[in-house]
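Given next, in structure tokens, is a single chain: the form predicted alone.
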């Protein structure tokens, strides 16, 4: 069955809480093995192990944290060209709405695409006017129902894509707008 890695950096603990919710969502798909690792403890072996990867970073000056950038620049460069075709998605917390969390997700997408990951967004609404097109984003700590639901939906969707494309379990194919 599919392996999902939830990789994150967190200084305040907000992105770590998001990572926990993403991991919970991934576990909703039966048979999915989930690893939760910080950028400081993860290794290249974790990247090779996973079929699907959710990457989360706090937003610093509108972009990815230095610890997450260091992970991709210095810790796992040997995975470059060897993880082509794995599935990935992103999430980010910022100090406030409009603080650049979606830009951080897009920065993470660019890094992941350089390694060959297939990145995706989600058109689903988890609350009124609350989507996760580029990934799950929150301002500060995820507390509101739709913020938690966005993180869980991201993890679940990642595990669904892994189940469908890696394991061939077509019954997990999401609908046009997944209300599950």
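Only the largest set of C-alpha atoms that superpose within 1.5 Å between the two forms is called the rigid core. Treat the numbers as computed from the prediction; the structure is a model and nothing was measured. Numbering follows the first chain given and starts at 1.
Omitted from view is the form predicted together with another copy of the chain, to which the following refers.
Inset, instruction - Using a 4.5 Å heavy atom cut-off, state whether residue 49 contacts another copy of the chain in the predicted complex. - result: Judged by the heavy-atom cut-off of 4.5 Å, residue 49 is well away from another copy of the chain in the predicted complex.
Inset, instruction - Would you check, heavy atoms only and a 4.5 Å threshold, whether residue 118 touches another copy of the chain in the predicted complex? - result: Heavy-atom contact with another copy of the chain at 4.5 Å: present for residue 118.
Legend entry - in the predicted complex, residue 166 touching another copy of the chain (heavy atom, 4.5 Å): Within the cut-off, so yes.
Legend entry - Contact of residue 63 with another copy of the chain in the predicted complex (heavy atom, 4.5 Å): Because a heavy atom of residue 63 falls inside 4.5 Å of another copy of the chain in the predicted complex, the answer is yes.
Legend entry - in the predicted complex, the residue from 132, 29, 149, 34 that sits within 4.5 Å of another copy of the chain by heavy atoms: Of the listed residues, the single hit is 132.
Legend entry - Residues from 103 to 120 in contact with another copy of the chain (non-hydrogen atom within 4.5 Å) in the predicted complex: Sequence-ordered list: 103, 106, 107, 109, 110, 111, 113, 114, 115, 116, 117, 118, 119, 120.
Inset, instruction - Indicate whether residue 85 shows a C-alpha shift of 2 Å or more between the shown form and the other one, with the rigid core used for the fit. - result: For residue 85, whose C-alpha is compared between the shown form and the other one after core superposition, the shift is less than 2 Å.
Inset, instruction - Classify residue 105 as shifted (yes) or not shifted (no) between the shown form and the other one, where shifted means its C-alpha moves by 2 Å or more with the rigid core superposed. - result: No, shifts by less than 2 Å.
Inset, instruction - Might you say whether the CA atoms of residue 40 and residue 76 end up closer or farther apart in the predicted complex than in this form? Their distance differs by 3 Å or more. - result: Farther apart, which means the C-alphas of residue 40 and residue 76 are at least 3 Å more distant in the predicted complex.
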